[in-house]
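As a starting point, one isolated chain is supplied in structure tokens, in the form predicted alone.
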């Protein structure tokens, strides 16, 4: 990383030699050529990411970044801000959607407090929450910047630190990112609009299930936020600082950190993909390490994925967030790794190849 205004983080792209080795092996497996389709494409990505024909994916974790947003005061959500604390407690008590789906995938759930406005002391003592708050929620983006540039950079560095701790410290092989924080679809839509140049109306959805009237209000709030703050599209720190969120910066940091350590990272829905866009601006090669889990019903999600050049693995009309779609995709990522490592070639299995 340098200290210039246009901050960049150094990430190496996928290794083409290892991708070639993986393709050579996959071409020879005991099945019609490329019979497992996109799973085989994914296997090549895993080899290129990890520099190995035996990529490990068994130790899995979903990192749920939590923070609050001042923009909720504009009436863009159906839920009051105190629900963020209540949902964090629900994660800790293993009662949320992400707990069920991560458990099914054999993944651990880690919650990181990046800037929850409410009081978490009652559950912090259980050791289930990583405490790295940048502030007590962001400011209202409709009236001014969400945070300072320094806070934006700190949120990203916190995310990198979380990724390093979980990969180098705890030995996790496969990381997914999720989020919690009401108002975050508004911030994410603003980020996507700022970076892609698409109008706010094209990237704004219903979030928590708001009414038509609230959607119109939400679009107007995002338009006002972009007009007031004028984020610079090519400057990831500027976009994050002006219209983002602490947890979105943390997500970007986790993605960059995983990419630095040559580990795959699964992105979830609208909010984590907004974080992925920030990561991509700051470290373009980090896109090589991102696996798009699903296509959300949120309007801006497909636009953000296309901007990143990502085709999601699933399309299930999901809109919960939390990392739930990413948890579902973990099974597919592990399946791709097993195809590469466990299926024998024609020579290994002493099976005759197809006659040309």
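Positions refer to the first chain, counted from 1. Since the model is a prediction, treat every value here as computed from it, not as a measurement.
There is another form of this protein, the form predicted in complex with another copy of the chain, and it is not shown here; the text below is about that form.
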| query | finding |
| --- | --- |
| One stretch from 186 to 194, 153 to 161, 76 to 84, 216 to 224 that, in the model of the complex, holds residues within 4.5 Å of another copy of the chain by heavy atom | 76 to 84 |
| Output flag, 17, 140 and 201 jointly within 4.5 Å of another copy of the chain in the model of the complex, heavy atom basis | no |
| One residue of 101, 277, 130, 167 in contact with another copy of the chain, assessed in the model of the complex (non-hydrogen atom, 4.5 angstroms) | 101 |
| Exercise: residue 302 in contact with another copy of the chain in the model of the complex, heavy atom 4.5 Å | no |
| Residue 94 within 4.5 Å of another copy of the chain in the model of the complex, heavy atoms | yes |
| Another copy of the chain contact at residue 53 in the model of the complex, heavy atom, 4.5 Å | no |
| Residue 8: touches another copy of the chain in the model of the complex, heavy atom cutoff 4.5 angstroms | no |
